[in-house]
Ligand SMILES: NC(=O)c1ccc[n+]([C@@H]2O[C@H](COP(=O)([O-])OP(=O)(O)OC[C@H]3O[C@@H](n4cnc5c(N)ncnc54)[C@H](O)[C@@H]3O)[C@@H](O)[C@H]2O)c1
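In the form predicted alone, a lone chain appears below as structure tokens.
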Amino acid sequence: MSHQSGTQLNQHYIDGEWTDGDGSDTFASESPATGETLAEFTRGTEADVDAALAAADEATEEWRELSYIDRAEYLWEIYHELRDRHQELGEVVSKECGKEISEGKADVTEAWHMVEWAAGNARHPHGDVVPSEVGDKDAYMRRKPRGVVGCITPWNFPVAIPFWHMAIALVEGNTVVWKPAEQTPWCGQIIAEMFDDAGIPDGVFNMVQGFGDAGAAITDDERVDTVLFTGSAEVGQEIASKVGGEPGKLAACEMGGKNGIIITEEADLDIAVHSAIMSSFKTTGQRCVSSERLIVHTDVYDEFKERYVEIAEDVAVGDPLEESTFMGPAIEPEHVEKIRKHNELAEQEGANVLVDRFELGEDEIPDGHEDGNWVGPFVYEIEYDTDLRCLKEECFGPHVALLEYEGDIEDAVEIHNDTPYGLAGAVISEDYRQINYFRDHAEIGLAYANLPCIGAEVHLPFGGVKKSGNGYPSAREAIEAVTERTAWTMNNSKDIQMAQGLSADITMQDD
């Protein structure tokens, strides 16, 4: 490998070279579980972003001239490295972002699945042959790369999501400038090393480490043709608003959610409780699809509540590297404080607190991890009211509301949709009519039935509606964002014939 984490200063990767860049500021990657410094990094500046964009812009023409197959070959090299280093990289993910080890390894698996999909797609048919109204014409649609793609990715999936963005963008013929999340630069470093080891041409892939100012310099630059963003709703909306005002520039933004699970009177409660626990507390609630609202029919409410609370009171919080851990730490101290404020808001709005493990006991914190960002489940019940902020604002933590409803599935879906977000949701029911009603009327981009409200298979679209996003920066739908369509029509006749009965005769003044 080109570089390793440790005491030395890790660099940016620009135009095929490792560089300290223009700035003198540095920042550290810190373990959420212990507080220890994992690695040190140079902080990118606008000048560094400018150099990366210049390199990407310069490399665009040569890269797009390669065949799909040739471009994909570089990705296959990375695919094999991700698989070969599965255990090692899974541990890095868990160390740096705090996910328990099975989730850390799954993050890497999802990355190679995405690379496999994108590189394999290079050999699949592209474009469409379209019948023409005129028999002597051939008509078809083909795609062309848009140019330079700016990628801004989050800390909670620090290996998988970068490849959601970049694998497809690169195979489709675009060049990339990427800013990893500042909380997980070590994962970003390793990914950049993989591209370097694969020998990708200079300027095709570029990485600038840094904070929001570096991300803004990427998204705001006129040389960037498409922005792929996954992260908070606030930042995503700002990006979408800016990019939307620039003719010819696109942004595909996947953002957060205030996701709900409906448990109907026809639910299998074993499935319901299992799905709700997974949806609420995996990744310590720090998934964009995590469920913070459980909407439960009055006929099964008491039994569901009893069983759910019993598990939430005892679910294992601990060292993310231990296989016995179910929940790891929160990402950083600032996020612990954010979760605290959301818990306090619920209490201020009248919540009846059922589980409060926000401040874990000393016996629950692993030895040697006293400086970690520890939080536990916070569960409450509250009477539904459309004006409650605790039911509208995303916490992004193990913060869960139980809402009791009466009536039919229509009433539950009305409560479910009463949020500015629209990312993900699930319904638990043995009645297919209820399931189908939810499928057709829930205002979300990702819908699940009798499953946890988590999980992404790379060949499916991933994104939402309303405040949750304006695009799907993964799988097939990402192709829409990183390519332009050309409708091509070719005449095979010596004569010109037009569609819709339009005359092709040219008449002169003397006629």
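On a predicted model such as this, the values are computed, not experimentally measured, just so you know. Heads up: residue numbers just count along the shown sequence, starting at 1.
This next part talks about the form predicted together with the ligand, which is not shown.
Any chance Pro154, Ala216 and Leu423 all have a heavy atom within 4.5 Å of the ligand in the predicted bound form?
Yes, all three are in contact.
Do Thr230 and the ligand come within 4.5 Å of each other in the predicted bound form, heavy atoms counted?
Yes, Thr230 lies within 4.5 Å of the ligand in the predicted bound form.
Examine Lys179 and determine whether its closest non-hydrogen atom to the ligand in the predicted bound form is within 4.5 angstroms.
Yes - in the predicted bound form, heavy atoms of Lys179 and the ligand come within 4.5 Å of each other.
Contact test in the predicted bound form: Cys288 vs the ligand, heavy atoms, 4.5 Å:
Residue-level check for Cys288: yes, a contact with the ligand.
Looking at the partner-bound form in the predicted bound form, is Ile161 within 4.5 Å of the ligand by any heavy atom?
Yes, Ile161 lies within 4.5 Å of the ligand in the predicted bound form.
Exactly one stretch in 125-133, 198-206, 255-263, 354-362 has heavy atoms within 4.5 Å of the ligand in the predicted bound form; which is it?
Of the options, only 255-263 has residues within 4.5 Å of the partner.
Of the residues Tyr308, Phe396, Tyr79, Phe281, which one places a heavy atom within 4.5 Å of the ligand in the predicted bound form?
Contact check passes for Phe396.
Counting any non-hydrogen atom inside 4.5 Å, which residue from Glu116, Glu73, Glu238, Glu193 sits next to the ligand in the predicted bound form?
In short, Glu238.
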